[in-house]
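Here we start with a single chain on its own, the form predicted alone, put down as structure tokens.
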Amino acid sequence: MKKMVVRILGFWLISVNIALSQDAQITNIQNRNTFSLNGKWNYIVDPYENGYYNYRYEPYDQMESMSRSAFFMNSEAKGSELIEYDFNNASTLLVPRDWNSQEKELLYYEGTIWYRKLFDYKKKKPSNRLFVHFGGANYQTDVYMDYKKLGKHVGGFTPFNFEITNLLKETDNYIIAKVDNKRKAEGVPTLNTDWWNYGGLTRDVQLVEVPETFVQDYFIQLAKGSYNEISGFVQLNGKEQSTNLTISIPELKINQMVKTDEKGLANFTFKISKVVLWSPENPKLYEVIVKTNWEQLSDQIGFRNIETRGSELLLNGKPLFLRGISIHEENPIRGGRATGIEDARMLLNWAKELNCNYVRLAHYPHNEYMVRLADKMGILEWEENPVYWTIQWQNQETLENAKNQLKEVITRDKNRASVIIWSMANETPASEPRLVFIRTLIDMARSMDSTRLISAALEKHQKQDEPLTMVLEDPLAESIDVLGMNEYLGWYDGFPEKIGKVKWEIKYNKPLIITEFGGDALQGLHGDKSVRWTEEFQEEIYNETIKMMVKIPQFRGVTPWILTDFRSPRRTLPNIQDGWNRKGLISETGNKKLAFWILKKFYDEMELKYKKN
């Protein structure tokens, strides 16, 4: 390919018409015609944002127009031109991966890195359209191609795409992505978290080729409360908006025709019979096909109902106890952000070894591999929007950011049977602005998907003058379907012997999931159960907490914190933490701690109990 040299004074940001956001989200990427851009990308570290400003130190994004020749000049250096950036001779990073775990110098780096990928591509049909799709990039990503800015995406864990049909050449194409993982006070999440701020193109980057008019999105699920009725929508994108299409489920002998309106939207409801319901015991998936005059798009969809009745949690009408574990999107053994199907399989297989039927994907949307694999393995899931701790509740831009991230994960995963709960937030201090903020998210989630449950990890407090009575009394509880609650008795609150003395007051007649409990243990460190950091101390917390939880009338599930030890810059105790949160049941070497077996025993007992009921 022709050599391309990058000059100082902002090679990357030249654009006459600058887009501020990504194109409408395309779903079901895994079943479409794609071309991988994964692999080695050249990169340039830019902590001072030199690539973002011109010589007057004005952001290029704020300039209305500019001449291409004024800043690009020629593609190659001539004579003694001063050149200080050169992608061709730059080092490479693997995509998808975070940058922190690939280079020692980038371990704690927070700032901008510019990525570039060169590629050739010829469309299968001249009239087809082409999009570049990013599975996720942390945190703000500005994308460019052929001197044009495609757009910007904010949020580190949800997918986005841009159309590049009119920019594509058969050879010598390049995509440039400016990825900035700096934490921001107004961000979602905000400045303070308890996980590693992995930066970079952390998920698959792919070209997606589609017909001129294509199926952009669809929702095909059992109608809420029904076992013989499918409802949903199909949304087309393209010139031919008003047309007939069919929705087929061959195994059920369904071949339903629907018509889209002038905006390409078709809403539908139709009857089915003899459907095998999806469950952890029988994770049945049907091939579902949406067919137009231009394409045939298939998906693998399970049908099931999730609901509550008082304090009961019901799956397909039967009482359900959620035997769960919390998971971070991290490969503890390799180190760094989990990326592909093998990472997902490792984490979910460990959950299966615990006899889990459920996982909490904390504290942000995980890779799509996790939810699709959970569909196949029969593992229920809680998906969480990264509204974490102290968000700027009264900042309208922060609210719009949170809404967009929630919208993107619901759009991506609304057809996955494994996903039963959309979580709005985690451990957010109670206030009226927080209540307004999160209720706005709840309203949006319900408008997008009425078939799933809504939850959040709520606030609790100690009862005044009764230090051994804990109270769950959060006004947000009135707006959600399932109560979530984190508690760390025995670790942050007293010692394990306190756990059995505590009583709970919970006034809400709703199912309760203990969304976090636990304590730290360095795997291999043994001693008396009264000594912190030992496996025996963590084991005792699990023993005592299990005995306490089963006494709570609303108790219908638990996701202890956490499956594996994970990286956190907050955790610095030498020779114990060394940059790791040690609350995992499995170490970064893959070794199981004593508490793992305590939890498994409890889950084996609960499985038998619910089978008998």
Ligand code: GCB
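Quick note: we count residues from 1 along the sequence shown, nothing fancier. Keep in mind it's a predicted model, so treat the numbers as computed, not measured.
We do not show the form predicted in complex with the ligand, though everything after this point is about it.
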Quick check: do T428, W504 and K507 each get a heavy atom within 4.5 Å of the ligand in the model of the complex?
no
Interface membership of N395, the ligand in the model of the complex, 4.5 Å heavy atom rule:
no
Does D194 reach the ligand in the model of the complex if we count a contact as any heavy atom within 4.5 Å?
yes
Is there any non-hydrogen atom of Y488 lying within 4.5 Å of the ligand in the model of the complex?
yes
For N42, is any heavy atom within 4.5 Å of the ligand in the model of the complex, or not?
no
So if I measure heavy atom distances to the ligand in the model of the complex, which of the stretches 23-31, 543-551, 42-50, 558-566 falls within 4.5 Å?
558-566
Contact assignment for the ligand in the model of the complex, among D343, E408, E535, E516, heavy atom within 4.5 Å:
E516
The one residue among K414, R129, K149, H363 placing a heavy atom within 4.5 Å of the ligand in the model of the complex is H363
Just to make sure I understand: among 378-393, which residues lie within 4.5 Å of the ligand in the model of the complex, judging by heavy atoms?
Y388, W389
